[in-house]
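As a starting point, one isolated chain is supplied in structure tokens, in the form predicted alone.
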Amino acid sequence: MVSQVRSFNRTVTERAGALNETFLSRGRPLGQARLLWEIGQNGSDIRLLRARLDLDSGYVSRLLRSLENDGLAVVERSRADGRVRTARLTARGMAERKVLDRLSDDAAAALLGPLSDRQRTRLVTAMAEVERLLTASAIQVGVADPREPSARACMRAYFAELSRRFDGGFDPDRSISADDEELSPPAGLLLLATLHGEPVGIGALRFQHDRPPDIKRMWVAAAARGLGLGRRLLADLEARAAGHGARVVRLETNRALAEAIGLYRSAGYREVPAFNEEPYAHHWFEKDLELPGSGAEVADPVGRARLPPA
């Protein structure tokens, strides 16, 4: 599999023109051209540029300096926050970006040109699938403090979606408690998923002294659904529960969340009688876990590793 990935990378870099000293014969390498395109018509926070492209800050600074020297971009400090630097394109930079767009369209058409209609359909379908899977592989998941801003943002979005989807809305104060202390070690933990530095999902585990641990706060942002992140979060939480010696893990969910119910059943959860008095729940599930040493892979408890809320 590693050999096939490397072969694919070689083919793509050659066909995309990444090996040439100048990209699309515009006198600059691919990195500069890509940054020019990413800055966009409205400019961009440089921190977001680094995160979106997963590039070292020093390298991004050198790319920006080269664009500034060519009169294509300017770097400014935000008036609202002097610590924030933004990049924006000059009029010359905007014109160059339009040229790159046209040449990129021409290059894509040239790649498709020799193929039959059937081959073109197969290629663009395969490209869409590869892009989806590469995006999935870029998502990082790890334990986070539920008080940090990214976790808070996910929790607010989670509650807001429940309120939209549940009959009669959702009030977290009426729901069974899963506060910051309960989702922090040693009482529990919260997993935060990020894509290019932006939060895109959460999932929590609440340990209990006399009962199996509960899975709570499962949510994936709409933009990250369809990437297998919900299943990944669920498997990670199960592994961490097993790592704490749990033989069973439990969760409850609302009947409005049909996608979540389908995921749980496909992941081996079985429906059981109600084991708590959650007012918003219609289904209660549990799953037997494989303990470490019996085949289950346990995630690093401090590592950074299509589901609606659950």
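Because the structure is a prediction, the values reported are computed rather than measured. When you see a residue number, it is the position in the sequence shown, counting from 1. In this text, the rigid core denotes the largest set of C-alpha atoms whose superposition between the two forms falls within 1.5 Å.
Although not depicted, the form predicted together with the DNA is the subject of the following passage.
- Shown here without its partner, the chain carries 30, 50 and 61, all of which come within 4.5 Å of the DNA in the predicted bound form through at least one heavy atom.
- Note on the interface: of 31-39, 246-254, 278-286, 265-273, the segment with non-hydrogen atoms within 4.5 angstroms of the DNA in the predicted bound form is 31-39.
- Using a 4.5 angstroms limit between non-hydrogen atoms, residue 26 is distant from the DNA in the predicted bound form.
- Residue 82 belongs to the set of residues with a heavy atom inside 4.5 Å of the DNA in the predicted bound form.
- Taking non-hydrogen atoms only, residue 55 approaches the DNA to within 4.5 angstroms in the predicted bound form.
- The closest non-hydrogen atom of residue 75 lies within 4.5 Å of the DNA in the predicted bound form.
- In the core-superposed comparison between the shown form and the other one, the C-alpha atom of residue 276 has shifted by less than 2 angstroms.
- Once the rigid core is used as the reference frame, the Cα position of residue 69 differs between the shown form and the other one by 2 Å or more.
- The two forms, fitted on the rigid core, differ between the shown form and the other one by 2 Å or more at the CA of residue 86.
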